[in-house]
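In structure tokens, the next block holds one chain alone, the form predicted alone.
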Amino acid sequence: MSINIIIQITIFLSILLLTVKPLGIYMARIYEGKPAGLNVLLAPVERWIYRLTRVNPMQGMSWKTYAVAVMLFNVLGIISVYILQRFQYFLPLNPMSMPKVAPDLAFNTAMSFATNTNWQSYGGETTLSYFTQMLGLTVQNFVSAATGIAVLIAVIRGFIQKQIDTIGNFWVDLVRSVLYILLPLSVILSLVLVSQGVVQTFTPSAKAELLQSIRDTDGKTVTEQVIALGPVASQIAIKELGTNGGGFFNVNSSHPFENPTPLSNLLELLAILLISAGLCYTFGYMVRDRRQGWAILTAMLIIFIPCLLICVHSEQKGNPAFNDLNIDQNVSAFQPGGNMEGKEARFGIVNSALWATAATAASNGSVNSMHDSYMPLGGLIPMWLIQLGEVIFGGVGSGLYGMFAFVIVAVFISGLMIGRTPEYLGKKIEIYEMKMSALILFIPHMCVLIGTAVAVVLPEAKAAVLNPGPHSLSEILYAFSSAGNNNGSAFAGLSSNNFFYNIALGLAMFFSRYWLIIPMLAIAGSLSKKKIIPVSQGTIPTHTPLFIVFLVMIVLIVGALTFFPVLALGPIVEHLMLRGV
């Protein structure tokens, strides 16, 4: 591996880790109601919002009430985004006169953005009006991300409270997540992105005369090119910070109007992991044991870094099929070498692979290269990171509370192995918490495997695949992995804008989001009612290197045992075939 690759990866990880502590402390102080810098400016706005909505910020909620509030709010979001798409032709800010969206596609898109998945079965610049992009999608980018953070904070309260029936107030957690965290960071990032060339305008698409006319697929003469514009920067900032991923343009962050320069690429890439990494420290700060937050972050990095290196190596090594053709794939002063198919020349292999692994680890569906064009092992890494349950950083909030389910399993198993009572942060881990954790781990896997199994036998589903052989299975598997774990990125090569995929993927997004939130809140409610047990000689330390390694193995074993058979039929066998095995 070249020194250039090592330098780029080191710079990225170093900047990311330097932000963890200050951002983590800031977020913790926000949720604890302590001064954090912006309170002077935004606290009056927060109080005004509560008065306007008649919310009593001092009133706590039981876990069931909290869950009902989450579901009602998100269902209303799904309905509103669906209606906006169906009536967008009659609404303002539609300079290109975009027609209404088909019912099944509108259903899929509404589910996608409300669940923080941001899977896109459409081309944004040719399907949605500016009004729908802003009021529908961008708003959901904020509130879906805020929902994930709010649920995480409720779970953390379950660990730190003792013998209390409430876990906080959803409306307060939601407002604070948007007002103090997501909105300020998005404003700053969007302004910087505009300075780099990301467009932000309400003007209609521009037109440019072609130097030479061409004919389209219908045989008509085309004399001008339509250059799509729109309010892009405001959506891109929150799409990255909120681990959403839904791009304004069809090709997402590989489009020069979404991601024009190496600096914009670095900033957007950092934004993908920024809040998720910071929340690990927020957790440690709030439970008054910062070692716990560092332990979980370390476990994430232990999985993330090797996956990143494998992906980079696979792409940099190139395509073995080219060796017999005497095609030079070595790095030189004249070429980047390796597999450059589907990648932007301005980013190269390292930044493309880094984005692919970071986005799929963080439940962010954005791309700056096409995963379908990766080598088999290079494409396997993003897919497998999704299949681990989006807990390696994961979505903002959702990644960390998903990791808590693995922590509970690890604590329970380790306790049984050595004959000690399973405890975590002074709370006994009992059968109820294990049942809820099992649901959290099982539901996404069920959505992925059942959806894939149905798709590979239905003629209309198989007809949507554009590539034969094992690669076609990889495309279908990736689609359901992405939807079933609320990632949203696509392997491409799959014509998913049809009735089957729109409905099936939409349902997978819904179940894998809310059927995880409810049992997670149930765990929070159960833990909040328990008393805190003092540390004793029988307590298993959960911040040590030994426990970190054990947690990593639990995450890997669950992912490997569940998906290895189907991965063996897809990217693994494709890798062997490519090398003539």
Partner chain sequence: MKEQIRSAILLFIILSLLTGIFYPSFITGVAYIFFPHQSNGSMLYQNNKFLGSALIGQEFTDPKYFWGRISGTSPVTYNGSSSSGSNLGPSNPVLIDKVKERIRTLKEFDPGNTNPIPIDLVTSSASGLDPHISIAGAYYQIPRVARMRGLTEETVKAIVNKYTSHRIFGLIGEPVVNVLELNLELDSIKIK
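Positions refer to the first chain, counted from 1. Please read these numbers as outputs of a predicted model, since none were measured by experiment. We call the rigid core the largest set of C-alpha positions that still match within 1.5 Å between the two forms.
The same protein also exists as the form predicted together with its partner chain; that form is not shown, yet it is the one meant from here on.
According to a 4.5 angstroms non-hydrogen atom cut-off, is residue 52 in contact with its partner chain in the model of the complex? Residue 52: yes, in contact with its partner chain in the model of the complex.
My question is simply whether residue 305 lines the interface with its partner chain in the model of the complex - judged by any non-hydrogen atom within 4.5 Å. Judged by the heavy-atom cut-off of 4.5 Å, residue 305 is well away from its partner chain in the model of the complex.
Mark residue 104 yes when one of its heavy atoms lies within 4.5 Å of a heavy atom of its partner chain in the model of the complex, and no otherwise. It does not: once its partner chain is placed as it appears in the model of the complex, residue 104 has no heavy atom within 4.5 Å of it.
Spell out, yes or no, whether the shortest heavy atom distance between residue 289 and its partner chain in the model of the complex is within 4.5 Å. No, residue 289 sits far enough from its partner chain in the model of the complex that none of its heavy atoms falls within 4.5 Å.
Under a 4.5 angstroms heavy atom criterion, identify the one residue in 374, 478, 283, 119 near its partner chain in the model of the complex. Checking each option against its partner chain in the model of the complex, the one that comes within 4.5 Å is 374.
Identify, from the list 383, 128, 175, 271, the residue with a heavy atom within 4.5 Å of its partner chain in the model of the complex. Contact residue from the list: 175.
May I ask whether 83, 404 and 513 each come within 4.5 Å of its partner chain in the model of the complex, counting any non-hydrogen atom? Not one of the three qualifies.
Tell me which stretch of 305-313, 272-280, 350-358, 502-510 has a heavy atom within 4.5 angstroms of its partner chain in the model of the complex. Only one stretch passes the 4.5 Å heavy-atom test: 350-358.
Going through 396-417 from first to last, which residues have a non-hydrogen atom within 4.5 Å of its partner chain in the model of the complex? Heavy-atom contacts within 4.5 Å come from no residue here.
Rigid core superposed, CA of residue 328 - does it shift 2 Å or more between this form and the one not shown? It does shift by 2 Å or more.
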